[in-house]
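Only one chain is shown below, in structure tokens, and it's the form predicted on its own.
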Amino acid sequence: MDKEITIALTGNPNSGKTTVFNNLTGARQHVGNYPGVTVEKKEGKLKYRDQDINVVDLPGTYSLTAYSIDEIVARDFVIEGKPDVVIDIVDASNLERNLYLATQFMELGVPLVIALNMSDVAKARGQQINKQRLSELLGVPLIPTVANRKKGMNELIDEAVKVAEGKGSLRKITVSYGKEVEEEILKIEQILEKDKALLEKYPARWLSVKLLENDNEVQKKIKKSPYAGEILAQVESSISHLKNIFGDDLELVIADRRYGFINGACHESVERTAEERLSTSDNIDKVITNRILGLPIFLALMWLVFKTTFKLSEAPMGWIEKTQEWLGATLGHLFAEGSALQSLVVDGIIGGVGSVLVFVPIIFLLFLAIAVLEDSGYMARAVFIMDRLMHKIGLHGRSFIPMILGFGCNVPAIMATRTIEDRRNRLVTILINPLMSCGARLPVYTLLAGAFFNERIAGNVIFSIYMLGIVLAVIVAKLFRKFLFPGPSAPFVMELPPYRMPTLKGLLIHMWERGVVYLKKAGTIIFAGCVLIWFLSNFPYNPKDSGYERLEKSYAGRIGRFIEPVMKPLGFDWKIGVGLVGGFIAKEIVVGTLGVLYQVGEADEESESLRAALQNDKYPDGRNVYNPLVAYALMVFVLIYVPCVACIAAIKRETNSWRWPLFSTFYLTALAWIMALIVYQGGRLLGLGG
């Protein structure tokens, strides 16, 4: 005969837990008190298919946070008593409130089964619950029951025994608390791992979360650890850091994330067919995530973001440009006129790097806008809205999160795909991520849109490029999932946290964390790239040559002339080709390269602007090198073609193979050439190339 199995029965008050307990144990139960407390302890015996089962009815509780004696007793029994399986009785008609307790048991990592009780009441209230879908999203077996009619009892015990014997097959799901909180949890976990004895009793992640929640009972346990000082110091530092970002009690932030996880799971698995009472967030979501209105609202908001950031950045961009011009003129007088050293300082360093730094305002404003959307809770809704589309192309919402991050920088976005468990989804997400237009490309768009399009439509032009990237990513993902990585997509819970008012400090921290990456690139990779481009465009050096002659004879000119036949069908001349080659180092260098090639640092006062230099550039026959059609085709090419060196390195690191970086380089460059060709030649056929 098998050993006796212990089942812990838990749930919210009024969830039907007592009825389930009585159904299972009948008259074979006894009542006492837990040692040292007055909380009632109920235990009962059950024999099911030759299996002896001991059922412990834990006190009804809404959570496992140590506020009341009931909560402490329930939690301590699960942790210290180590039952073979926990059955959480959930009121199906109040699903979101009841599942909060389940998320905490999931966090503890205990063997768990959910009894979806009162499922008849939920149905009568107009709720259609997709039980299989909800079970997959939570990673927990889910059995529908109607306790007052004794329905589902045998199925519940069957599943409990199976889980107790380790025969469950569902994936373990972890509630994510967001990037900032997860980083602090990891820091605490790393210190906790030093105390092996402590981790034999308690999961490291659970301890870390409870410490961040200021759980007194867990703090008492930690104080007995030989590493208590180091652990508690890190906890204090983490709480202070996170409070600065969120401007709210951390326990509320963590609770919001749990409810966001639950809300997302219910959105995907529960169809409401009757009018229900909704919270403020739910009322807003009726409009924001509406199947018809959700996508247009998302697109309108993104359009507003780009339009506003473009407009607000004009003045500070002008200040930086004037400073660059003044600095070039001032330092230029310190060197011999026409010397290589003067050209290096004025054209290579100030002209190249300065042409990139001028876009700092628009990039920081864009990151600020994204931070507002994230911290307010809307970005999670955007992910949910796009999740419907992602499912159609074989991916899910977890893939869309790295795609959203890709608008900032593709490198951390590709690294963020580590959260995607399914290998096929992960590889597809990595391969399409470079189509998300990162902040490094924005300087190119801004330069060209400002130079060749009316101020009223420049923001719309840039917005269309971003939308093109999204559309191409969708198409490519669909093709890859069908031909390269066929198979079903894994389920995923969309977390929908309640709407919150972002704090100014939190917004500024998020903006700075992302923006400083751009500044570091300008001071390192871009600086080195601009100096390299200056060298290639000035050597072999002959002071007697005019600027244009020097460019033509230079190494850069030779490279440009070599690839010009491939670029010519796209409307690009050899100088654009050189700029695009420089963009392989970093996309911002396309602007810096053009600044060096057009020698804007040496130009007189009336033609110092790089935009003016591009507008005035002509072929020997008098035709303009650039026009709006060429500019748009160039923006399309820059959007798509080979990722930067750092991005290629990230793909190599995340896939642990050179196969995918090389494939990415080839397919993106080929796609860029085809799309730019369609834009340019199609535009000419329509009479737009004048």
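Note that residue numbering begins at 1 and tracks the sequence as displayed. Keep in mind it's a predicted model, so treat the numbers as computed, not measured.
Below, we refer to the form predicted together with a small molecule, which is not included among the displayed structures.
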Exactly one of V121, L327, L232, V474 comes within 4.5 Å of the small molecule in the model of the complex through a heavy atom, and that residue is V121
In the model of the complex, the residue from N117, S399, N410, T593 with a non-hydrogen atom within 4.5 Å of the small molecule is N117
Exactly one listed stretch (142 to 150, 581 to 589, 362 to 370, 212 to 220) reaches within 4.5 angstroms of the small molecule in the model of the complex by non-hydrogen atoms, and it is 142 to 150
Would P13 count as touching the small molecule in the model of the complex under a 4.5 Å heavy atom rule? yes
Spell out, yes or no, whether the shortest heavy atom distance between T669 and the small molecule in the model of the complex is within 4.5 Å.
no
ask   = Hey, in the model of the complex, does Q681 get a heavy atom within 4.5 angstroms of the small molecule?
value = no
Original post:
Just to confirm, T25 within 4.5 Å of the small molecule in the model of the complex by heavy atoms?
Top reply: no
